[in-house]
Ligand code: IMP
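In the block that follows, a single chain appears as structure tokens, in the form predicted on its own.
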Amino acid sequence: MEICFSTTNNGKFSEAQKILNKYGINITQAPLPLEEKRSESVEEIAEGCALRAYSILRKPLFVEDSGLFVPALNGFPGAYSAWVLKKLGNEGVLRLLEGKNREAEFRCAIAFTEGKEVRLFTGSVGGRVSESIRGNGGFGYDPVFIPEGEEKTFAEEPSLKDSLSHRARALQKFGESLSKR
């Protein structure tokens, strides 16, 4: 089975490729620069992008949206995580959390469509934001996110991300669903 993953993020594509291959699903990348709907919901954003991508590609595809939700910052950066990372970087996020509770949750939504309807697959992982940038692996917030029950960031221990991350959990649900068809 081959499905298109509409993403401009090569790191996300590599993660998805590695996980979905285990389910016999081959993916191709379509780096469409899709304008995202403004929403605080990663599910709504993924669904809207899937419909826009399908209107262009006209073939089975999925998109993914994710965010880092920090309760001490009222859920910020949340669905605006990519924008915040671009503007502030991990250093800026660490400054925002100085003296605050560092509890956080990564959330992911995968939206799959074959043109008729959109099916959503979600995943999340709890944890905390580290006190400093740690590790060289991964991308995005990986150098500052420590999953619950662990002491290393995703960037320090990339194998943690492959099994525990929000995206891995959503992709596993997605892969299981497609492999049953």
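All residue numbers are counted from 1 along the displayed sequence. A quick note: this is a predicted structure, and the numbers were derived from the prediction, not measured.
A second form of this protein, the form predicted together with the named molecule, is not displayed here; the remarks below concern that form.
- Proximity of Gly123 to the named molecule in the predicted bound form falls outside the 4.5 Å heavy atom cutoff.
- Residue contact check for Thr153: none of its heavy atoms lie within 4.5 Å of the named molecule in the predicted bound form.
- The closest non-hydrogen atom of Phe62 lies beyond 4.5 Å of the named molecule in the predicted bound form.
- Taking non-hydrogen atoms only, Gly48 never approaches the named molecule to within 4.5 angstroms in the predicted bound form.
- For the named molecule in the predicted bound form, the listed stretch (51-59, 133-141, 110-118, 26-34) containing residues with heavy atoms inside 4.5 Å is 133-141.
- This chain lacks the partner; the member of Leu96, Ala72, Leu88, Ala82 within 4.5 angstroms of the named molecule in the predicted bound form by a non-hydrogen atom is Ala82.
- Heavy atoms closer than or equal to 4.5 Å to the named molecule in the predicted bound form belong, across 149-181, to the residues Lys161, His166, Arg167, ordered by sequence position.
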